[in-house]
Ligand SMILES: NC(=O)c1ccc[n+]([C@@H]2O[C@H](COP(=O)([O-])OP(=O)(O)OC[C@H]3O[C@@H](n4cnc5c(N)ncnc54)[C@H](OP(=O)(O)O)[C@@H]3O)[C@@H](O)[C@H]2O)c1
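Before any questions on binding or motion, here is one chain by itself as structure tokens, the form predicted alone.
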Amino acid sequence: MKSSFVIVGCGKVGTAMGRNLINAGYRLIGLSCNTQESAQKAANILSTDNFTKASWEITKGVDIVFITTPDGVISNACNEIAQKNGFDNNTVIFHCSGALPSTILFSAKACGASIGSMHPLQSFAVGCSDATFKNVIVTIEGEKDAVNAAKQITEDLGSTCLTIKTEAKTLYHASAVVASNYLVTLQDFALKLIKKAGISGDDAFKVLSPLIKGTLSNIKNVGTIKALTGPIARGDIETITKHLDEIGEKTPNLLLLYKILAQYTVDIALAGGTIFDSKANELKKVISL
């Protein structure tokens, strides 16, 4: 029989986690949210009648507790349950934050619980309770019993497990933010420029989409350094200068971002051997901040 679990904090990630665990055969005992309205909504999605605002009322006697509140209140939520003696000996406690280590759940150890974190490396948009964890990378860390439980859970969910050191959590999360959130920022930058060029609406993304997909494919196949193409990789100062002039005239608020990206890109081109020190120095003078 699969383990029993409860969800404390049923936002986007908690609700999606609950749905996927249920589908994998895990037994949902109950859930809690900070408002009755939120609890009722999550209970309807996860088909349970056992929901409450008092989380410690449902955490006793279960195998696994997922605390999936917003990052800023995970520790407080855990402390409150621990103070009420709401965790059993040998219960495994997880949070799903990408930025925070499992050690913020330390108060649960006084009850004999094992602590860990499971972070699905995926973007969960609003209304994603049906989002699948299949083939998603789930990063785990924590105490031995928690890590072992997390490995079993990821296997049952059809996910891929990646174990990292607890002290590496912050840099891991920073990498994820750059890969996901700042990719959105970068594409917003590109779309603003192409719309200024007269290509607007749905056509803007349609024009750039094959280039985006092709670049990601190249990075996957040959790595970032060899995947770099374009004017900086060629040492084409004339083209870069024209870019700076046009952006400075028509979208001046984006000029600094272009220069920052260009500065970093020069270093990639230099590492790839497509330009040499003299050309790199010339480029950096042109794109100086």
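So that there is no doubt, residue numbering starts at 1 and follows the sequence shown. Note that the structure is predicted; figures quoted are calculated from it, not measured.
Quick note: we don't show the form predicted in complex with the ligand, though the next part is all about it.
**Q** Can you pick the stretch from 252-260, 216-224, 64-72, 231-239 whose heavy atoms fall within 4.5 Å of the ligand in the predicted complex?
**A** This holds for exactly one stretch, 64-72.
**Q** Do Thr59 and the ligand come within 4.5 Å of each other in the predicted complex, heavy atoms counted?
**A** Result no; Thr59 lies far from the ligand in the predicted complex.
**Q** Would you check, heavy atoms only and a 4.5 Å threshold, whether Cys96 touches the ligand in the predicted complex?
**A** Yes, contact at 4.5 Å.
**Q** Although the partner isn't part of this model, could you tell me whether Gln122 comes within 4.5 Å of the ligand in the predicted complex, counting any heavy atom of the residue?
**A** Gln122: yes, in contact with the ligand in the predicted complex.
**Q** Looking in the predicted complex, any heavy atom of Lys279 within 4.5 Å of the ligand?
**A** Judged by the heavy-atom cut-off of 4.5 Å, Lys279 is well away from the ligand in the predicted complex.
**Q** For 28-50: residues with a non-hydrogen atom within 4.5 angstroms of the ligand in the predicted complex?
**A** Contacts from 28-50: Ser32, Cys33, Asn34, Thr35, Ser38.
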